[in-house]
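The chain below stands alone and is given in structure tokens; this is the form predicted on its own.
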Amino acid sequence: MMTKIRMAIFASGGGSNARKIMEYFKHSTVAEVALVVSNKKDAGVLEIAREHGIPTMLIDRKSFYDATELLEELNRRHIQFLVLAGFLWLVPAYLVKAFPGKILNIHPALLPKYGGKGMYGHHVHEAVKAAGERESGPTIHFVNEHYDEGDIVFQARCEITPNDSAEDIARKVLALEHAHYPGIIERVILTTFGSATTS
């Protein structure tokens, strides 16, 4: 008998990666998306969560950084694993400590290049284009107290041609994100929890 690992997705935007994760785990015996957390009340990801019947939680900066409100809610919902999918705030130390080795993020560049504060979305792809890079791709990594500095779990690569615009690069990288992120999440959960997923 399998006991599903309960995960929460944190997202700030449209939620295309979150949608892929929700679809991937909809019939999974390994894990389920039990909560979607966003810091923007008009984020598209909230509507996607509603479509999938997944509870949502809206946070503000104060409740995220200054209080235990979020942690209490995650504990109340028995959340065991956190996934960042286009979430733009730096994860506070108390959350990293509460979920050691159990928070994954995806970054739209080949870290350690093009990471850090302010490097998200189109900013990343424009920097990659400006530098004349020949390849890019997503990096999936564990989260620590610093932007984009946690241990790397997986990278995928795509070729960049001189004719590619930043938008072209974004499309190529996003396709790789959609293709790989859900499966890597599952692999990490199985590795992290191991026999804990069986009862």
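Residue numbers run from 1 along the displayed sequence. In this text, all values refer to a predicted model and were calculated from it rather than measured experimentally.
This protein has a second form, the form predicted together with a small molecule, left out of what is shown; the following refers to that one.
Chemist: Have a look at 166, 174, 30, 158 for me and say which one sits with a heavy atom within 4.5 Å of the small molecule in the model of the complex.
Modeler: If I apply the 4.5 Å criterion carefully, the residue I get is 174.
Chemist: At the 4.5 Å heavy atom threshold, is residue 106 in contact with the small molecule in the model of the complex?
Modeler: Looking in the model of the complex, residue contacts with the small molecule include residue 106, since a heavy atom lies within 4.5 Å.
Chemist: Classify residue 183 as contacting or not contacting the small molecule in the model of the complex by the rule of any non-hydrogen atom within 4.5 angstroms, answering yes or no.
Modeler: It does not: once the small molecule is placed as it appears in the model of the complex, residue 183 has no heavy atom within 4.5 Å of it.
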